[in-house]
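Below sits a lone chain in structure tokens, taken as the form predicted alone.
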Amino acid sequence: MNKEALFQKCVTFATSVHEVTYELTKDIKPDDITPVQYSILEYIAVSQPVTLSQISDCKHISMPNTSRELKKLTEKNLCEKFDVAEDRRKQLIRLSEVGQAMMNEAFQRIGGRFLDRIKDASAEELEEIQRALDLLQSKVFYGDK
């Protein structure tokens, strides 16, 4: 197989993922937080507990800006820092109960939109989609989640 053509398909696929993600998450963010803050909460929700540097790296935000945004989110009682028992110098970040409830509601709405998007897929197509996602996750994205 032509690896350049495969790469171009990957680029097209990544673009489609971004477009669909936009459609699924449009108007999900609560009005009292910024898009950057919502993005941070979304990352924490799927990866918690996380470090400040993990958020900074994944979201492409400088450490000072990440720290400032987390301070605002903590003041809004949406996330919380806690010390690591083995190393008191290290802090981890997780969603607070309020933040978890907010993200659960957001993901429920996103899930509803996703289910609506695949409503016409047959059982066989759904199984094929699941296998394709598993393959992409294991061979391209390398994640455990």
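Given the structure is predicted, the values throughout are model-derived calculations rather than measurements. The first residue of the sequence shown is number 1, and the count goes up from there.
What comes next is about the form predicted in complex with the DNA, which does not appear here.
Proximity to the DNA in the predicted bound form, taken as heavy atoms within 4.5 Å, picks out 89 to 97 from the listed stretches 103 to 111, 116 to 124, 41 to 49, 89 to 97.
The DNA is not shown here, but in the predicted bound form it comes within 4.5 Å of a heavy atom of residue 68.
The shortest heavy atom separation between residue 36 and the DNA in the predicted bound form is within 4.5 Å. Contact check for residue 77: every heavy atom lies farther than 4.5 Å from the DNA in the predicted bound form. Contacts between stretch 39 to 65 and the DNA, counted in the predicted bound form as any heavy atom lying within 4.5 Å, involve 51, 52, 53, 62, 63, 64, 65, listed in sequence order.
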